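Just the one chain here, the form predicted alone, laid out as structure tokens.
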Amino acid sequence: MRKFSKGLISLVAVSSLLGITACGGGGTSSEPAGGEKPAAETAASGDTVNVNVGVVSILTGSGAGYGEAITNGLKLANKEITEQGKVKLNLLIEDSAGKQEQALSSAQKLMNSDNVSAIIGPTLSTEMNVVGPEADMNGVPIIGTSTTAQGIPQIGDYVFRNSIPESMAIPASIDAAVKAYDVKKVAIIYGNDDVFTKSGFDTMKAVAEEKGLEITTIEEFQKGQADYNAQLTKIKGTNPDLILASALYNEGAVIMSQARKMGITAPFVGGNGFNSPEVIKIAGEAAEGLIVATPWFGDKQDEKVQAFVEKYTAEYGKAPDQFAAQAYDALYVLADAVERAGSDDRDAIRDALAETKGFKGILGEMSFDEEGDIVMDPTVLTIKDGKFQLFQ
């Protein structure tokens, strides 16, 4: 049952977005993944529950690397789920292009025109801040697979996520770095125009203060920025033992590359946005030594993990990253909830999701707490010899 306070918050948030909704920015059409037909056009066989699932992901623009991994993970999971025959999930995929307005209009189309029973996505916390209230107001369960900013599950009773929040991941990575390098002084650099990167900064600053670390300087930048000379010059002048960076992979990789060219040798601790092979591709050797915390480690000696890596690599020609893995597990979690709900009813699926406890996926054992946030232990990794490895 919906809590009044959260429902009211959602209503107020959506009311304030009427102007944004009007300008839309959609222009995309729902595409059932793999050529599947929507549930309304597909007859259920036996006791198989047939459900339309909307997907809002970044397929074009600067964050398309995230969206590609996410949709690939979803499609692979859905192929396996369909073969198992317990439920039939019809993925209707929409492109948000990383824009709030387009994410919102895409979600509205999925909920109202396509009548989906649940939504996976959107990709960014900034997008979820407008899509989440709309989904909650319409009573549509929504699962964020890459939204790690503070406050996401608190948007409403229908909002869940299986991505480890920055408030859980960042303390783990900073703690590991402080112990390994005997850190006393840190500098912080973050994107000041994105909910996700600002949330990461808040956590980094709080953790540094709690540990009694001296913060030598705090530098800001904006999404899409290309030159970080001014910020890095200030950081270099303070001679920090460690640099804490909250950024998406495009900006984060460039920051590290420019820092190394300037002679800055301090190791970097990155937020969740750095957990992508794209960082290595863009930054090259400058990415060496980056420290991050993640629920996903593709080299983990676990039968289920290695089976997923093998299938994903065979299907897409490259190894899966954290975003592919989280999306893959999210669809399995949703399929499990649909099976337990026994119908495509939105409320029944929402209640089944809320009851998820001890689900064993490729990320590990997962549960949702009373607010819809994931309960899981992070793993601290570093980039060494051009790939992510356990930080030891």
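In case it trips you up, residue 1 is the first one in the sequence shown, and so on. Everything quoted here is computed from the prediction, not taken from an experiment.
One more form of this protein exists, namely the form predicted in complex with a small molecule; it is left out here, but the text below deals with it.
Distance criterion of 4.5 Å from any heavy atom to the small molecule in the predicted complex singles out 148 from the list 148, 162, 96, 117. Between the options 144, 73, 191, 273, the residue in contact with the small molecule in the predicted complex by a heavy atom within 4.5 angstroms is 273. Using a 4.5 angstroms threshold between heavy atoms, residue 173 stays clear of the small molecule in the predicted complex.
The small molecule is not drawn, but in the predicted complex it has no heavy atom within 4.5 Å of residue 246. At least one heavy atom of residue 196 is located within 4.5 Å of the small molecule in the predicted complex.
Within 4.5 Å of some heavy atom of the small molecule in the predicted complex lies at least one heavy atom of residue 124.
With the small molecule left out of view, the stretch that reaches within 4.5 Å of it through heavy atoms in the predicted complex is, among 254-262, 129-137, 82-90, 148-156, 148-156.
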